[in-house]
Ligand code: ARG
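We begin with a single chain expressed as structure tokens, specifically the form predicted alone.
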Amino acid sequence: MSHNAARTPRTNDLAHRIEAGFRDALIAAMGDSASSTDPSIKVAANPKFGDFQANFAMGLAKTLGKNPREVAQQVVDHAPQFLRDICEPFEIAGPGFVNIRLRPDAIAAALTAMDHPSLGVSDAHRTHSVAVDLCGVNVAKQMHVGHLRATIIGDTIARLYERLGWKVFRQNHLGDWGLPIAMTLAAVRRAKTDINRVTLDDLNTAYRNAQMQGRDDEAGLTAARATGVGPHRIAELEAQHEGASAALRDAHDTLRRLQSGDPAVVADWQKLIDVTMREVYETAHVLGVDLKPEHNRGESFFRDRLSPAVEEFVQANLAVRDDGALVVRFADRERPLLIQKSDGTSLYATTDLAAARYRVQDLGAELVVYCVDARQRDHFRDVFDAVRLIGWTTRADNSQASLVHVPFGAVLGADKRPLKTRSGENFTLKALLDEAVARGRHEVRSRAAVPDAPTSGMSSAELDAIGEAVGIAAIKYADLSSDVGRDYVFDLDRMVSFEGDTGPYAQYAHARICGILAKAGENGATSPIVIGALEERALALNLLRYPGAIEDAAAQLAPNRLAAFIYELANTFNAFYQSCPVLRGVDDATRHSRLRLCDLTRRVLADALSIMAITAPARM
């Protein structure tokens, strides 16, 4: 799922510096023909063999018809001085692997450079911009579990790019235009519901009623008359048919008045949007998601752009008539893209075309990311290809924008089917979050009941705040740590655990470090960093991978890569803490150095969790 976004070197990333050094060595040893050879720098699988390993020799030797170990030695002999300054003497092993071990003082120097508010993350991307399509709720309907994924995956991708200095446009593509919303509005007005007091539950009911009232059974009525089922049944079907026809006429009339700008209808329509978005914003606040009114770009926003968009396809000879409708055909598939119905009305695809044009041409985004469930994969393939055909991906500077769909899987229940309530209804997102918060608060209160717990003696309000943070982290981390494209099973018992690859585990690691620093009364901020023990080295190397982890997660549009870094860092810190005394039993220089390592770990954990909009409590 990677894209061709611009990347810049990471000045404090030792792996990048090693890779650059070996590229120079390859060219120096083999000439310009080796300029495209990948040094293949990997983290060593076993620390006893070194910190990194270069695996270029076997492939290159095969091309050159030489011995791999000899090729490796020749390249090592041409290693530039800066590479020798940061590495111990290289070791050639096996069939030509180059084992690379960093000098402790080089690790310490890189950590010292990283110990800065930026944490070594480059912000050199400020000339770049990305638009992220996220959330995408339908007006007059409650948010469901699927909206959880669209919202938090999109928000995390947006935060990844913001952390790298990109200009980010969040785009909430509301379903706020067309017949469905007109049917709901018409039903509310028919029922003479006080529009100023209407709730989202009322709107949900009105939407269901509108669907029922608009259900026409012309075929059933014809069959009943043909089979002579009796006058009473025929009368019932005639009444149903007439009622449905009347409801549909009312909905179409309401839509016509809405689209023509009738002030009263428009005012009521806006109130439906306000009621819907009030709950959306409340949910976003609970999730820590940055979603505000200025991010809304609903279907109504694009209504005046639809006809011009279709006309551009017609003028470019890219749209053809098919039974009166307009479609765009593709050379590599039979499935066309329908962009206008035979009656001249638009579809979702028309709006998506106009939205893509707006995001590239008006906003100037060089990358447009769509966080929408996997069932829409074919739809977005067609839309993106149509946008490329007409040339809307060409930006003002003639560079090409990338359009990328991030397809996410479903949230499943224990039965491996889409998550439902016990009554068989779809889980609303609010109900899911309420349950998670309740479980988080229960876990936190249970731990606080232990007399020597860090949270013992805290007020009820303080415990509730921590419990909410734990519950929300449990849900978000479980979602974001999984491969985005796969379904996953919603298991709250596992999610709220303080052990294993969970959000609360990462939060607890952060809180533990806060406790250590509080006991010490200092953080060793100005003390020299000394790398001695193996566990110190492992922790240091993990910390230095942070800038690369952010860039990798952004480039791959994969929040789970950041989650993997968080889990590994928490694990590595816990191993360090178990093996390396910090507060007692060490000399002052070691104590101060380890406190500085602890503080840097705390800040990296908090920063990484903040990219997922997960709170990092100081006590748990």
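A quick note: this is a predicted structure, and the numbers were derived from the prediction, not measured. In this text, residue numbers run from 1 along the sequence as written.
Below, we refer to the form predicted in complex with the ligand, which is not included among the displayed structures.
The ligand in the predicted bound form: contacted by all of 204, 270 and 279, heavy atom 4.5 Å: The answer is no: none of the three residues contacts the partner (heavy atom, 4.5 Å cut-off).
In the predicted bound form, segment of 448 to 456, 137 to 145, 483 to 491, 539 to 547 with a heavy atom within 4.5 Å of the ligand: It is 137 to 145 that comes within 4.5 Å of the partner.
The single option of 357, 257, 170, 173 touching the ligand in the predicted bound form, heavy atom within 4.5 Å: Filtering the options by heavy-atom distance leaves 173.
Partner-contacting position among 380, 505, 90, 313 - heavy atom within 4.5 Å of the ligand in the predicted bound form: Residue within 4.5 Å of the partner: 380.
Contact of residue 82 with the ligand in the predicted bound form (heavy atom, 4.5 Å): Contact check for residue 82: no, nothing within 4.5 Å of the ligand in the predicted bound form.
Residue 372: touches the ligand in the predicted bound form, heavy atom cutoff 4.5 angstroms: Contact with the ligand, yes.
Any non-hydrogen atom of residue 348 within 4.5 angstroms of the ligand in the predicted bound form: Yes - in the predicted bound form, heavy atoms of residue 348 and the ligand come within 4.5 Å of each other.
Close approach of residue 155 to the ligand in the predicted bound form, 4.5 Å, heavy atom: No, residue 155 is distant from the partner.
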